[in-house]
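Here you'll find one protein chain in two forms, each presented separately as structure tokens under the names structure 1 and structure 2.
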Structure 1
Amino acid sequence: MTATAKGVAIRVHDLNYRYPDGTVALEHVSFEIMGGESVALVGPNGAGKSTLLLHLNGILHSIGSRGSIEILGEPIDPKKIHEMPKKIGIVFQDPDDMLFMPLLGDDVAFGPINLGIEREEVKRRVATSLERVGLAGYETRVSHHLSGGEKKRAAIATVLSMEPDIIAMDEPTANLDPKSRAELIDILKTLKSEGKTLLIITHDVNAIPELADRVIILHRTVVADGTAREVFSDTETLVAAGLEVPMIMQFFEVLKAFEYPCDVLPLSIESAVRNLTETAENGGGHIHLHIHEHTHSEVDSAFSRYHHHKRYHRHQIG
């Protein structure tokens, strides 16, 4: 059990922020994240997600801001910003913002060295952090020669070397090919299983059920906060925020139009496999779908519900 698992890891109360030009980025934002909890923060572009992230490590604290933030039970002290990476590590969307040293080992060692960690301990942390992200032995590699997926993992390693209780990430799976995305998700799932407190800003709704215990929708203020199922079931709020639900959930909504028995829509591929297996077993090894007069209108309704701007026609099913 990590230290954060004993209480509140992040507490944000009535946070407000205006940019110097007067643009409102955050309004009355309040939420708590418990130690060991994994939370997905979602919202449309310009909703204030990245601005909020910069407040959590003190970069924007007290500059155009009102409200309060506590990390591990302590308010952010502008005089101790250099110590924040020991509590909360921030992984930015563009890994090149975090990889600037001649060699990858230097990048991963940069934070611990600046904290005054002894050389042997720094060396251990570098090796361990790289191994945890699948980059063991990459200490002498040039960071900017890495692939996109490797850079993303390397950026996470630079945070892990600080050994923070909390890790916050901005769009960790963005711009990755399927293999690199799967590798990155596996790393995040491992961190979650280890009890790290995770805050994940993402548009990758299909990854959320695997990674997050809870989903917060931010649109300058918190407009929804609940389990993935609770939030993704609130279609009106999702549409208003320009968001979608996982494809698996959409697919099973369509299956229901063919009278597939499914009271609770699966959110992930794992839960979909379990659902299909149980249904087949209960049906004697078969799954039966049916077409009735109302089937097509119900499929149309499902497409409309999830923002698919097209209609479904009889010739599409033969």
Structure 2
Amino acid sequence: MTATAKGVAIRVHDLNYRYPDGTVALEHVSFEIMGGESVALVGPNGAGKSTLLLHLNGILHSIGSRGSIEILGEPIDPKKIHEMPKKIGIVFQDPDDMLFMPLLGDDVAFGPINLGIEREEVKRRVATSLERVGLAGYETRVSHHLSGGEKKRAAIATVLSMEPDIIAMDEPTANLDPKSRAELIDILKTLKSEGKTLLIITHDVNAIPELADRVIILHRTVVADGTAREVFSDTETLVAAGLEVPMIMQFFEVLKAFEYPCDVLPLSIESAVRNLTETAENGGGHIHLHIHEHTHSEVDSAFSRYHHHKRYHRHQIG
């Protein structure tokens, strides 16, 4: 599994796409993702994220696009689109689009059967895929009757069963309650630790630091590409693309206004704990904060940089 995950997993070069009705969805999109990387793809509604995803396994390839895409070192062959799922599996945003068989087992078996895998192996894969998403033994359940969180996980199982090296997901955590969301994030982390290459579309900026090594902002074209830290530090680009920085990072900006010594703002609550610990240890076990005349104006300016609803915050704090 990890063996193939070396080298360039996804190479997109100067991809352009316009829908038949004339909507330009992608323009000069170029990026590379290395095997084993996990990348978050973010951008406002309508930025072209889902459109890009559909290009990666060739579904939208030949129709109206220019540019080149290589998956695991090979360009997509329009005649072999149906073999792409061996390399790259795509989990759609709405699990209802992916579950169209009466029984869940049939849905999970669907991909491997299409890939021409033999019966016994298909059965094994169905069982292990369901188990990995925490749905062991659900083979004979009616997909349509599953809960929202179960459906999301089931949709992932239908892709895992094809054992692709690369998995791309469209908003995996949307519409989930916090528990299901946490469970889903755990599944993604396990996949990551197994060396799968992951591309995750999400609006959930607070989940990104846990999930992704790298963040690409797409807004018809790639407007930023770098580590989570690099991308979240460029607030201007971020806010221009309708996005936000993680809440913990915002809060550490506040702490800085209270003279908390910190060059590198933590992005997640775990790294925040680490940051506090280190700061305390560097200070001989102590951290000293204090309020000064510029504290409020600094907080204010941080908020107005980060936020889309500026007026409210000014008002609250002033």
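Rigid core here is just the name for the largest C-alpha set that superposes within 1.5 Å across the two forms. Residue 1 is the first residue of structure 1, and the numbers go on in sequence order from there. All values reported here derive from a predicted model rather than from experimental measurement.
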Taken from the structure described, the form predicted on its own is structure 1
Fitting the two forms on their rigid core, what distance in Å separates the Cα positions of H288 between structure 1 and structure 2?
3.8
